[in-house]
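Given as structure tokens, the chain that follows is alone and in the form predicted on its own.
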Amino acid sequence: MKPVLGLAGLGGFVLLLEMIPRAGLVPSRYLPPAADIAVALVGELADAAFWAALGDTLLGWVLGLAIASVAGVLLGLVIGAVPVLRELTASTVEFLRPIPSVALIPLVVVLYGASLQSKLVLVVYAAFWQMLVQVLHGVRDVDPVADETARVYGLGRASRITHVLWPTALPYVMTGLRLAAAVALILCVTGELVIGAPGLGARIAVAQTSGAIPDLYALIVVTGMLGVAINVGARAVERHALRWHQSVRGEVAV
């Protein structure tokens, strides 16, 4: 039932998008009808340059998310497992985490120009904090009784991390990965749009400056569809990785 309602809502939105400019409520030069956007979308899909731009965006997203995820998980486990490190870094994390990645744009432009490295700095910085904070919460959620029991039974630090800490932190890790995936895409497209690095964002900027409004909206639709696909994929990975967890088993049972 939910997919049917979702499709009905999407169909209603498309119909509304078609009717508003046709009725003259909004000039078509600002909001083209849905049919014109669909034609522009077909044209984009037939253009090799579009696929090259999509590949550039996905490359920046994958590399940035991978770097941020590995760094966030490793540092989160180390900092969270050592109380002294957790206390020493708490204020630093709370100071750096709220700084928006877009504030770094002038710096990365000076350092790297309109390049892949510029996008990576923005993506990694934004996605890293999503992972790190979630992993720290996961480590903090470890049951001290279970940890002490494992210690009494002679399990070393590595074994306790594998059998006690990691299973507890994994749901938080997957949540962080899902959030980081969405944030990474946002910053990747934003960096391309503002800096001019190759990708969908740069192509959107070109469409805007050249007055190709239907193409502009078509590219925005593509980025939205890409975001939906990434979210669906991240949720699928999360359900697979946590298939043993009570929350996922409860979803399957329902």
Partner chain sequence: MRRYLAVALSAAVLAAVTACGGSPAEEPDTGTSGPRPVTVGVIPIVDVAPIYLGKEKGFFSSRGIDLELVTAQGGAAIVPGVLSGDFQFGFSNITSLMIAQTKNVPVRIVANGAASTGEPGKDFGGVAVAKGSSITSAAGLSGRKVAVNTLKNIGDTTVRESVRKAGGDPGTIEFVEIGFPDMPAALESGQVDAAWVVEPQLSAVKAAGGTVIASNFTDTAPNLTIAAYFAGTKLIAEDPALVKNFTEAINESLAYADAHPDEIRTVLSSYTKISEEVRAALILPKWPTEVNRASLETLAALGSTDGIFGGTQPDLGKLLP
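Residue numbers count along the first chain shown, from 1. Everything numeric in this text was worked out from a predicted model, so none of it was measured.
Only in words, not in the display: the form predicted together with its partner chain, which the text now covers.
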Counting any heavy atom within 4.5 Å as contact, can you tell me which stretch out of 83-91, 169-177, 108-116, 121-129 lines its partner chain in the model of the complex? 108-116
As a check of understanding, the residue in 185, 195, 200, 37 with any heavy atom within 4.5 Å of its partner chain in the model of the complex should be identified as 195
Contact of residue 211 with its partner chain in the model of the complex (heavy atom, 4.5 Å): yes
With the cut-off set at 4.5 Å between non-hydrogen atoms, does residue 220 touch its partner chain in the model of the complex? no
Does its partner chain get within 4.5 angstroms of any non-hydrogen atom of residue 55 in the model of the complex? no
My question is simply whether residue 205 lines the interface with its partner chain in the model of the complex - judged by any non-hydrogen atom within 4.5 Å. yes
For the stretch 28-53, return the residues whose heavy atoms include at least one within 4.5 Å of its partner chain in the model of the complex, in the order they occur. 29, 30, 44
